[in-house]
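The chain below stands alone, shown as structure tokens; this is the form predicted on its own.
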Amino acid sequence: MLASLFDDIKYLLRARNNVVAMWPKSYYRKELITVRLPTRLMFIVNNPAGVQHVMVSNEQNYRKSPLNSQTLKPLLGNGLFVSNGELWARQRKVTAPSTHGSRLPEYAKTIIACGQGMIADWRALPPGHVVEVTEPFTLVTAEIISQLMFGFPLQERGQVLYHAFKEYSASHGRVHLFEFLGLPSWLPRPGGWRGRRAVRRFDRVLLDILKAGQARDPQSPPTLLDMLINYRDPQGQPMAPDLMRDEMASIFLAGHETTALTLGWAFFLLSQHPEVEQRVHEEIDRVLGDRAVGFEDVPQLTYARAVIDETLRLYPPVHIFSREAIGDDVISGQRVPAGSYITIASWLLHRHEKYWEEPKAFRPERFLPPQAQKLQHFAYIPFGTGSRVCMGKHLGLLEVTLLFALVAQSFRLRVPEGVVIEPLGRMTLRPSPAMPLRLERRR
């Protein structure tokens, strides 16, 4: 009994510090794992059929769990990432038109213009300069999402958001033991004051954006912010100010953090695999020559896109999905009591020995024909799946592909000698301690 309790405590401490470091080697072969927490069971669903059951075919029995909501709620409130039920369905319907495929060609122009600004800044640096790329990638993707979704150029406010979110991640990025122990949400969490300070800084920028949106020319092309401002419920009432704020915060988080991290991990992987990097450069040079990338080039950048897909397999920014069972269920033959936590770890699933050949190897070719036809759909879920699949999936893939092409056309990025970069699984999958890369000019 004491040995079992000691194992549980070790598990919880590992999870708190770094989620991806807590998985034993055996988990990469297992399809369903049961973990006994102090107050309930947690099931790690690690097979495609189980994922489909929880996230698609029986998704009505599962809601966002406290493991998710207590980490995100102080920043996102009742936004799409956290809400459940009718509120989630309504807000999803309101915001979905903002990422419709018909908007992507126009969005590409803003993505490219912002990316070219970052490239110009890098060209002004001395040869061989080392850049901690998480910051510029985050700043450019935040600028892009602000212009696309809110019609608002962030400029210097981007730095405020970047540091506020960095502080919030440091204080709230860990899963607190309180959630594992089933303690009530009103009990203060460690580091809460730092998180609240970060949210106040975040909110000052959101207020500037909202004021600008309310003063926008009504003849301007509609943005997501316009959709939120102009929304009226069946009784003719506008969206509550707090909820509007929560959706704006959610769009910022969803729209820039994951894209920035994917770019960083992609160039880290290229630096470790020169043969893949050479093939990327050959494709980009063949398709683009000396001109800038455009929306119409994306279908021809097939290998670059495969590199992005493989990066999302090995280093999925959203590396874990958490649910709570509303009622009793059966998953993969295992009885699941109501109230159980369900964990679906894309980090584990994407590296599962049964569903991937050489699962730890960086092989973009697995996402090219004919190998791509062999992939199991629910074994690869970088954007989630089911009705809660990331609304901005196609916009995100377009953005990361265009920015990847812009950078790779102009630079090689190299990890400086002696630098070790490890994945840190908290709110998202971030590089630890950082992602310093040396810039080498290609042209």
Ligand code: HEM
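The numbering used is simple: start at 1 and walk along the sequence shown. All of these numbers come straight from a predicted model, not from anything done at the bench.
Missing here is the form predicted together with the named molecule; even so, the following discussion is about that form.
With the partner removed from view, the residue among Arg157, Arg323, His350, Arg363 that has a non-hydrogen atom within 4.5 Å of the named molecule in the predicted bound form turns out to be Arg323. Between the named molecule and the residues Val336, Ala306, Val199, Val318, the one pair within 4.5 Å by heavy atoms in the predicted bound form involves Val318. Put simply, Ala266 is far from the named molecule in the predicted bound form: not one heavy atom of it is within 4.5 Å. Proximity of Thr262 to the named molecule in the predicted bound form falls within the 4.5 Å heavy atom cutoff.
Although the partner is absent here, Val407 sits far enough away that none of its heavy atoms falls within 4.5 Å of the named molecule in the predicted bound form. The named molecule in the predicted bound form is not approached by Arg204, whose heavy atoms all lie more than 4.5 angstroms from it. Comment: 75-83 is the region of 365-373, 75-83, 164-172, 232-240 lying near the named molecule in the predicted bound form, near meaning a non-hydrogen atom within 4.5 Å. Contacts of stretch 234-261 with the named molecule in the predicted bound form, defined by any heavy atom lying within 4.5 Å, are made by Ile251, Ala254, Gly255, Thr258, Thr259, listed in sequence order.
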